[in-house]
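Here's a solo chain for you in structure tokens, the form predicted alone.
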């Protein structure tokens, strides 16, 4: 998927560029900054000394040296005071400037930390919101794989009200998957020659007759196959009056995957991919169920992932990136490829 939230050590990310949350000197420091300098080796510090520092909200690029990444993009985030001193604009600039540098240097993949959310004190939920908004806007116009790298769970936080609302919705709707043992025990206790009170036929005679009828009609059913998932998806895109690119970008789906779906009438997508397209097309809950059915899936209240998806759809929130924030917070798989 073009934008993915991952739990990892950013110094171990095999991408074209990683972003360093640096200070204005660019000479190293604590947190992510210090970790990147240590992993890159002395060559990085030597190059940084030639750059003349960096202003808050701006970004500069160097080689990656001993890191798996080819480049390090250094950006200086704002120190959070009270949110009334231009902090958001400066933080937005950090992401835009970094993405611009990555694009200008031919990077196809870039990994960000949550800039300013450590010792600089920017509230984590607000820092995440800024990152998601700027990166998602960029990806609507550009092709790039972008990661937001979270070192541990404590480094990640969505809005408390949103988290509480979703948790409550899950509690209200979650149903443990179960098996109807009562029915099964009755069925298994029936003697082989048990007679139906209505027909006088044995259970197995009735079943054999039913199976015979089904076999006879199978050929007719196969002749009446409905449209496939791929056909329905393309029809929905046309009905919504949007382009293919607008659809797969809003779905957080890679262009190559969309090409496979378009080119193969029998393509079998994953469930998160189907839901990602439903979100991009802003389908109702019933329409989402219909699209899922075409791919052999359904929503269930015994699945927390499904309940979270339902939570957003019934509220008319079709922002795939916000949905992925919530899914990540609840340790669920994300929407996209």
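Positions refer to the first chain, counted from 1. Note that the structure is a prediction, hence the values are computed from the model and not measured.
Beyond what is shown, the protein has a form predicted together with ligand ADP; the following relates to that form.
In short, of 258 to 266, 100 to 108, 114 to 122, 165 to 173 it is 114 to 122 that has heavy atoms within 4.5 Å of ligand ADP in the predicted bound form.
This chain appears without its partner; in the predicted bound form, the one residue of 296, 68, 30, 52 with a heavy atom within 4.5 Å of ligand ADP is 30. Residue 21 is the only one of 15, 326, 313, 21 with a heavy atom lying within 4.5 Å of ligand ADP in the predicted bound form. When ligand ADP is considered in the predicted bound form, residue 35 lines it closely, a heavy atom lying within 4.5 Å.
Although the partner is absent here, residue 320 sits far enough away that none of its heavy atoms falls within 4.5 Å of ligand ADP in the predicted bound form. Ligand ADP is not drawn, but in the predicted bound form it has no heavy atom within 4.5 Å of residue 132.
With a 4.5 Å cutoff on heavy atoms, residue 139 does not count as touching ligand ADP in the predicted bound form; it lies far away. Of the residues in 266 to 299, none comes within 4.5 Å of ligand ADP in the predicted bound form through any heavy atom.
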